[in-house]
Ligand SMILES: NC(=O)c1ccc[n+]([C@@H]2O[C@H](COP(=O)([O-])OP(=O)(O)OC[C@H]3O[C@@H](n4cnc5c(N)ncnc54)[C@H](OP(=O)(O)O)[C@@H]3O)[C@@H](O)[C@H]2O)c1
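We begin with a single chain expressed as structure tokens, specifically the form predicted alone.
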């Protein structure tokens, strides 16, 4: 992915990692459209960030995805980058009876959401000479956090989905890039914004932008902080890393 000159749609960019990257991509010379569920929040961001475009989208709702895709493509026919940022993270207790609804919500947003988004935009992206799908997994796709089993599984699914569709799209003009965040100081989980274990948001976003610029052909964007989790099994330290992560559990 090139660092500048793109038209980028980022559903799930009204806060946290998504908004931080949207701001930096816009500053780097890209046209950026952010998506979110709350109209008033989108309007506030647009007022505070002149030049950012907005569209309402609920990635848990197939009809909303379809409507937003039509709007984005009609208003920005040069769109060539989709970043499937929207996601949720919830704690779960699988020793009790009440985890299924939470698990279903996570899968709907974190797995079906990206699948439906890619489905809605793939023809547009294939029509552009230089296009990118950026998926968003997690270090927890590779080393699990005890309290978030379905989140871990959803991000492992995104990792393998990214690997697989990259193979299918290899002969097209569409790149598939996987962003692999560590814990970052956002509101994704209660207490995460104050966690010493989590990476500062600005530091994360700055490092990601540097990696995109220096490694335009990368298939995974991995900041240094995530490699502890990403390569635990490769190092032969999986069991030790799982134990250490869950002792350090910031949640």
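Residue numbers count along the first chain shown, from 1. Computed from a prediction, not measured in an experiment: that's the story for all the values here.
Unshown form predicted together with the named molecule; subsequent notes refer to it.
- This chain is displayed alone, yet in the predicted complex one of 124, 109, 152, 132 has a heavy atom within 4.5 Å of the named molecule; that residue is 109.
- Annotated contact segment (heavy atom within 4.5 Å of the named molecule in the predicted complex): 135 to 143, selected among 74 to 82, 166 to 174, 135 to 143, 94 to 102.
- Contact check for residue 60: a heavy atom falls within 4.5 Å of the named molecule in the predicted complex.
- Contact between residue 208 and the named molecule in the predicted complex is not found at the 4.5 Å heavy atom cutoff.
- Residue contact check for residue 222: none of its heavy atoms lie within 4.5 Å of the named molecule in the predicted complex.
- Interface residue remark: residue 241 is not counted as part of the site for the named molecule in the predicted complex, having no heavy atom within 4.5 Å.
- Contacts between stretch 1 to 17 and the named molecule, counted in the predicted complex as any heavy atom lying within 4.5 Å, involve 12, 13, 14, 15, 16, 17, listed in sequence order.
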